[in-house]
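Single chain ahead, by itself, as structure tokens, in the form predicted alone.
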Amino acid sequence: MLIFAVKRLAVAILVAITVSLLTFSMIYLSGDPAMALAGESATQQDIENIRRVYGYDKPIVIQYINWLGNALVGDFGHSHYLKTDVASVIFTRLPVTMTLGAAALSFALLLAIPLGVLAAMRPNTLIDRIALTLAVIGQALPSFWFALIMIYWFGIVWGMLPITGSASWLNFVMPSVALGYYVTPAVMRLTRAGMLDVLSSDYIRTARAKGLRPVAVLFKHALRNAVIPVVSLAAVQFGFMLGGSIVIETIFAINGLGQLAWESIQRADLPMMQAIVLVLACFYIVLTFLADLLNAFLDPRIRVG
């Protein structure tokens, strides 16, 4: 297990370094950052002063090392638009996005796994067809359109839920459902396929022949093995939710990282954009690494492979 963990950690570190290189290069995608900061009416002397103040006059390798070293200690520089420390803004908005992502993932798992289990236990029945229909609708229905439908009915017509803000847990109900329902089909289909495969295996037939209770066979033997690929998918989907929440946060006016990313793009606030991309990418890498370790714990065969 230790060797497996070290190998996965090495891969995660390499991916993180690659992401940091791509993130750092964002600042040069629009040309000379010093000229962009100085503005159209700036003189050459103004541009040179900005290069010296922000360190753009140094070799690109030195700039990357300095930027990465500062980022590792939580220093992402200052926002060009907000004129404040980037890290303080990021970590103020991060809990909101984490709460939304966790609620959305919880909704998806609580809906998808039971549906997948029921569909596998009763294949080609009405329950199976209903589960597959919900999966098809969830995959075909864009999350932003689903969000607008819920806003109209639950927020405007019936007045059951608040439409905007993040003041209470009620504000997260509609965004969590809109964000979580989009990933429900993948989890449900994977759970169903895994359960169908496991329920037809020899060790399940042996467990039933030994007289074990159906509940014990289902949850202790079948579901534990069928849910292994779901763990990896859930980690990937959680990272996707954190990064893809920009649309949902914008629709519901939730002050999370998604909304901040949209605002930073509009303002061309490169340090803020860099920090958001790097933080979300690191979360994604850590979640994938933890999912690999959990899968290896649940299925020892993965460690050998």
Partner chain sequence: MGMIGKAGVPTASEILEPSSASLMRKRIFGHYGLMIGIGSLLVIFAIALLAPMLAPFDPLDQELSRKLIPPIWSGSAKATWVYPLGTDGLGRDYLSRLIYGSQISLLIGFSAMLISGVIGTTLGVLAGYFGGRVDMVVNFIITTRLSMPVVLVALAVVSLVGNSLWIVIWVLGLLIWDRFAVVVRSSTLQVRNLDYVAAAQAIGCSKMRIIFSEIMPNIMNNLIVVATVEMAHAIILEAALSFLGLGVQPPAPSWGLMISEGKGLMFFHPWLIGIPGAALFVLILAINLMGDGVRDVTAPENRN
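Numbering follows the first chain given and starts at 1. Small disclaimer: the values here were computed from a predicted structure and weren't measured.
One more form of this protein exists, namely the form predicted in complex with its partner chain; it is left out here, but the text below deals with it.
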item: Within 4.5 Å of its partner chain in the model of the complex, all of 4, 110 and 229 (non-hydrogen atom); value: no
item: Candidate stretches 86 to 94, 72 to 80, 110 to 118, 142 to 150 - the one whose heavy atoms come within 4.5 Å of its partner chain in the model of the complex; value: 142 to 150
item: Heavy atom within 4.5 Å of its partner chain in the model of the complex - residue from 247, 35, 68, 253; value: 247
item: Partner proximity in the model of the complex: residue 130 to its partner chain, non-hydrogen atom cutoff 4.5 Å; value: no
item: Any non-hydrogen atom of residue 126 within 4.5 angstroms of its partner chain in the model of the complex; value: no
item: Its partner chain contact at residue 271 in the model of the complex, heavy atom, 4.5 Å; value: no
item: Residue 64 within 4.5 Å of its partner chain in the model of the complex, heavy atoms; value: no
item: Contacts with its partner chain in the model of the complex - residues in 169 to 200 whose heavy atoms fall within 4.5 Å; value: 182, 189, 192, 193, 196
